[in-house]
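So this first bit is one chain, no partners, the form predicted alone, shown in structure tokens.
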């Protein structure tokens, strides 16, 4: 069975995350999408909600979603979460032959050459890129050439190999962001219908983002 990973800070998780993760699981025909909260995001400041709180919000958000699973793999680390480390670990767990899909957004792809050992990522997985509003393919020569070399538009071919390709897909992109949710909470505005009710309740109970 193929394995699919969907990482993020999830600070907090919102409906957009869940919609994308669900569509990706269906598109890639995997038994579930493993959603991995990042403990110490190396490219961002430390989240205002703790790693445990972000995991608990994610668990609450997907409690009735059969295709989505919360995975605390990256929270078990005591240092910055680098994707290459996660992919190496998961590859060791599943063996050399299973397809491994690492799902990211177009905004992440645009900065992928700033990631730790980024050119080794495809040694362990396929990278599946979901479209984002107002984002275009990277124009940097290094990243653009890397995409051209590894791009595969045939999903059937992708599913027959364990790693090595970059695949682009069009998904339902909702105009939501964790940043906007945090701003609304800080200003006392309503965040219902932006994130599941269980997450709204959790934020209120723990006085997050106020």
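This one's a predicted model, so the numbers in the text were calculated from it and none came from an experiment. Positions refer to the first chain, counted from 1.
Separately, the form predicted together with a small molecule exists; it is not shown, and the next lines address it.
*Asks:* Does residue 178 reach the small molecule in the model of the complex, with heavy atoms at most 4.5 Å apart?
*Replies:* Contact with the small molecule, yes.
*Asks:* Could you tell me if residue 202 has a non-hydrogen atom within 4.5 Å of the small molecule in the model of the complex?
*Replies:* Result no; residue 202 lies far from the small molecule in the model of the complex.
*Asks:* Are any of the heavy atoms in residue 22 no more than 4.5 Å from a heavy atom of the small molecule in the model of the complex?
*Replies:* Taking the distances in the model of the complex, the answer for residue 22 is no, it never comes within 4.5 Å of the small molecule.
*Asks:* If you check in the model of the complex, is residue 182 within 4.5 Å of the small molecule, heavy atoms only?
*Replies:* Yes - in the model of the complex, heavy atoms of residue 182 and the small molecule come within 4.5 Å of each other.
*Asks:* Please pick out the stretch from 68-76, 117-125, 81-89, 99-107 that is in contact with the small molecule in the model of the complex, where contact means heavy atoms within 4.5 Å.
*Replies:* Looking at the other structure, the answer is 99-107.
*Asks:* Among 169, 155, 143, 174, which has at least one heavy atom within 4.5 Å of the small molecule in the model of the complex?
*Replies:* Only one listed residue qualifies here, and that residue is 174.
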